[in-house]
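Below sits a lone chain in structure tokens, taken as the form predicted on its own.
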Amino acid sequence: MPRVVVFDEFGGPEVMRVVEEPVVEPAAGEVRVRMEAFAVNPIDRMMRSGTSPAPVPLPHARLGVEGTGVLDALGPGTTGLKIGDPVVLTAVPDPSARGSYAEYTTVPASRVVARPAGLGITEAAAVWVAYSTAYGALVEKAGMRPGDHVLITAASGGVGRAAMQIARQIGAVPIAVTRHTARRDELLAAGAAAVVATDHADIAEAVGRHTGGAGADIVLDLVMGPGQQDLLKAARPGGTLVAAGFLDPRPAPFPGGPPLTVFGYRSFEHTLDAVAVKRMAAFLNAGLRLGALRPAVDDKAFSLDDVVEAHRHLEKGLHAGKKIVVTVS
């Protein structure tokens, strides 16, 4: 029988186990995907540890919001797709019930798109969540335009790297924020026009230098917490802050300082909108074709039997901000 990763209690990576379960037939309007690979995301760790913002019902919970595979079966009424199509999952609305950490999963037919041409399986498994989140926050929500100075926190992570590439593709100017000066060269190589390292620089002062004193037009906050106050000081009056992360669980004080437009953002806001997904997929395909976009994947290989080690790799930070991918077949 097909294998799937489940957990019955919250805790460290060791709570996960691989079990066998019967294959599920897709319901009306659904598709079944034979998974080839999936990516490990921070939300997976939060679900597994019991710190997810959304409740996770136990026992026998599942994981996984991202991955790629081949259509294996179509439910009644499903049109426009055919068995054998290689696809990328664009959203798994109920990952605790049918996540992507499995040999097979079923999702609504509207939650898959054709796998972009020219991407290998590991890159395809890691491309959607980071790029759709960054695109949704910067383009759909903040209305990023050419010439905008865009301040990006957690720039070494998957979404941060995607945001820098997307800003470049639009013609905006990405300014990366990192805690460590040692990551400056790495971030410049990843697409940053400038890097602000908070272990040696004041954010507002540094951003002022890089923007001719104007401040950032858009701030993409992928961390949250009290540090958001420093980002607000770096924004220009009338600019936009998009709070799209949750890496710092501490409360973020109500934004003060210069007048700003402030948005909260979660990727499902657009990935559950078929029209927005069509725009996202078109932008992603164009960027990949031109070479402007390319996901960064960790070099270490993991199989489904190695899923516990993959999560340990994530928790120890050994991936250096690159996506961890687990191959299924």
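Throughout, we count residues from 1 along the sequence that is shown. It should be emphasised that the depicted structure is a prediction, and the values quoted were computed from it without experimental measurement.
As for the form predicted together with a small molecule, it is not shown, yet the points below apply to it.
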Using a 4.5 Å heavy atom cut-off, state whether H311 contacts the small molecule in the predicted complex.
no
Heavy atom to heavy atom, is G29 within 4.5 Å of the small molecule in the predicted complex?
no
Just to confirm, R266 within 4.5 Å of the small molecule in the predicted complex by heavy atoms?
yes
Within 4.5 Å, heavy atoms only: does P95 come near the small molecule in the predicted complex?
no
Answer among 68-76, 125-133, 232-240, 110-118 for heavy atoms within 4.5 Å of the small molecule in the predicted complex: the stretch 125-133
Among the candidates R145, K82, H180, R209, the residue which, in the predicted complex, approaches the small molecule to within 4.5 Å (heavy atoms):
H180
What is the one choice in G245, G191, G215, G99 with a heavy atom within 4.5 Å of the small molecule in the predicted complex?
G245
